[in-house]
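The chain below stands alone and is given as structure tokens, in the form predicted alone.
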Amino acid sequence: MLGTVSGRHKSPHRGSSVEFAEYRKYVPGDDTRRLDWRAYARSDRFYIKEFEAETNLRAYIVIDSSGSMGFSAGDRMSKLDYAKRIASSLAYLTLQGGDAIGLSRCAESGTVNLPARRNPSHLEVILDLLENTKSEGPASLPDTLHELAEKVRQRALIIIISDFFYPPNELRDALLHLRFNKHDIAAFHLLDPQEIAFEFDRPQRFVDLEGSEVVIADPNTIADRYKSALSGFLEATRRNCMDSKSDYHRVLTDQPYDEVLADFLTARLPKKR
């Protein structure tokens, strides 16, 4: 679940509290005060004692603002606007629960990172960044996820909101990197219904939202190939999330976002015994 008040649940973070968890090998930079000298005497190797800590959750929202996230059909909101609503709602709920929330924005200009904090005033900082986020150009979500995996040392909940229009093998490596570092991953895969249906009644001008390419085509002549390619992409994305044990949610932007959030939060509640 997204967390509760302090002390109500056991954090997956390793710390130096009272409950012993496991040994791990010493690496340069570790606190030498936590070295176990008895283990050294037995093995002639340095080991660090790790403990479970009773603390609050630490969560990071990763929002994709590449050009393709600006797409919308008809009078629906764009994928980015939908993503902003999910992100702002989750930030508010997390802070209300007394937990820490951070935000990473994946953009053409690079990644913007807000560290995780639990101060209620942090919400205004997050909302300001979201308000000023525009969809433009290419971006690299896999690079952002790799960077986050290296920067966030303690285990955290990583919430990714994107249309995942990236090479599946690059996305897979980034998700596995997060999982290798023991992060919990939740993925919101946003799609406009038109991207699924691909229904048009006349030739169309298709514009690359992340480049300059323009294609004029009769959708009826390419529909079968498009839907076959889309099906392969969707399955590869779902499989990558499953392989990394991510909590995967495919979301169409005509779904009420409050219902999407309610389903997500309900699914993460502890199961009654």
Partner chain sequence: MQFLNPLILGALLLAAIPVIIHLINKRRHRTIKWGAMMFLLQANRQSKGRRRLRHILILTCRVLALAALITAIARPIAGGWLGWAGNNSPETIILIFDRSPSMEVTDALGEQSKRANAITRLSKALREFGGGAKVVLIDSATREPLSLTNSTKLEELPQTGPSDAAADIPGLLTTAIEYLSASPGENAEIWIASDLQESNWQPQSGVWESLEKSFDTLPTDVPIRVLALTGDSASDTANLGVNVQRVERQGNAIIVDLQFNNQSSSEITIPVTFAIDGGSETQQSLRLSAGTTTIRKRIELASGNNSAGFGSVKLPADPNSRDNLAWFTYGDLAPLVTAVVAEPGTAADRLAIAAAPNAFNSRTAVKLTPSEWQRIDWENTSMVIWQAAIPQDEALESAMRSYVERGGQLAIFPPTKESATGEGGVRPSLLGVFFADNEPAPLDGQFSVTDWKKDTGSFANFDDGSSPALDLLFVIRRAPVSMEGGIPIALYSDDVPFATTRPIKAGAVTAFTSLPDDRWSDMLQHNVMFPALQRMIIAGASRVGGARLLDVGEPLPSVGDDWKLVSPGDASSINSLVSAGIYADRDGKFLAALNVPSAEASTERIDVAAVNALFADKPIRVFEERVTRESNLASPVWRFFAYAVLVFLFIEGLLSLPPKRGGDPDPELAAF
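Fair warning: this is a prediction, and the values are worked out from it, not measured in the lab. Positions refer to the first chain, counted from 1.
The same protein also has a form predicted together with the partner chain, omitted here; what follows describes it.
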Non-hydrogen atoms within 4.5 angstroms of the partner chain in the predicted bound form: do P203, V207 and T221 all have one? yes
For the partner chain in the predicted bound form, the stretch among 162 to 170, 144 to 152, 84 to 92, 116 to 124 with residues bearing a heavy atom within 4.5 Å is 162 to 170
*4.5 Å heavy atom contact, Y226 to the partner chain in the predicted bound form*: yes
TODO: Evaluate L230 for contact with the partner chain in the predicted bound form, applying a 4.5 angstroms cut-off between non-hydrogen atoms, and reply yes or no.
DONE: yes
>> Can you work out whether Q194 and the partner chain are in contact in the predicted bound form, taking contact to mean some heavy atom pair no more than 4.5 Å apart?
In response: yes
Classify S68 as contacting or not contacting the partner chain in the predicted bound form by the rule of any non-hydrogen atom within 4.5 angstroms, answering yes or no. yes
The partner chain in the predicted bound form has a heavy atom of only one listed residue within 4.5 Å, and of D44, D31, E213, D243 that residue is E213
